[in-house]
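For reference, the chain that follows is the form predicted on its own, supplied as structure tokens.
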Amino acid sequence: MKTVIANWKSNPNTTREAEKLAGAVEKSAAANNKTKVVVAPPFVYLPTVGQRLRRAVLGAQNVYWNEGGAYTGEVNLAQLKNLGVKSVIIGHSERREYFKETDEQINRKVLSALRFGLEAILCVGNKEKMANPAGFVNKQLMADLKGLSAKDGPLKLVVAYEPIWAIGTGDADDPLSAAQVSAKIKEQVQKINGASKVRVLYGGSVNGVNAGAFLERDEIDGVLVGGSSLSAKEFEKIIKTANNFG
């Protein structure tokens, strides 16, 4: 089963729009039940979107590692779980770049989310095009998954490979290159936590036209979608494409 994740980022601007988009995604998810669909709206829409989802899974775009306390502006693990959130995106490139999140902070979030029972969707990726992106990504994985081992048992861990230069540019990565990096990611996670067969997704300018080129690769288990997830019709195309490879 392939996975398709909608990252709405800081969109849309009204509850009504969020409700309408969530309804359309749920309809597509129900009609294409060989695909796992995750919707990650802004925090303010989690209750509204969650009420519209049955087949699709509710996700969050970020989390703080503590369960509560004096942390103004943060949303914690228990709060997310209470709202029905099953998955949380951690370490997205925009969090790393604009909000200066470090690998140490991301590591704390990943460990806390996994040990709290949430699915952690860890984002990794190189900023510039390079000859050996797998080498760069492996260093990120070592830092972001520090402290995990086979003793932790099977993990609810997903890794999203997102070459930063491809995000929002319309210039997606080469599917073969993305597949090769995905295979290396799986090898690296096996070394860190031998009990887990991690799922690896591709993200970076995914749309209804190019999604199939990534989803047809056995090494790639799904896609993380940004801008195209804000169009019900475009996102439905991606879900239908993923369903063909279920």
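Start at 1 and count along the sequence shown; that's the residue number. In this text, all values refer to a predicted model and were calculated from it rather than measured experimentally.
Omitted from view is the form predicted together with a small molecule, to which the following refers.
- Residues of just one listed stretch (101-109, 67-75, 88-96, 134-142) have heavy atoms within 4.5 Å of the small molecule in the predicted bound form: 88-96.
- This chain is displayed alone, yet in the predicted bound form one of N62, Q188, S205, N32 has a heavy atom within 4.5 Å of the small molecule; that residue is S205.
- Proximity of E162, L224 and G227 to the small molecule in the predicted bound form is complete: all three residues have a non-hydrogen atom within 4.5 angstroms.
- At a distance threshold of 4.5 angstroms between non-hydrogen atoms, N7 is in contact with the small molecule in the predicted bound form.
- When the small molecule is considered in the predicted bound form, L118 lies well away from it, no heavy atom lying within 4.5 Å.
- Using a 4.5 angstroms limit between non-hydrogen atoms, I167 touches the small molecule in the predicted bound form.
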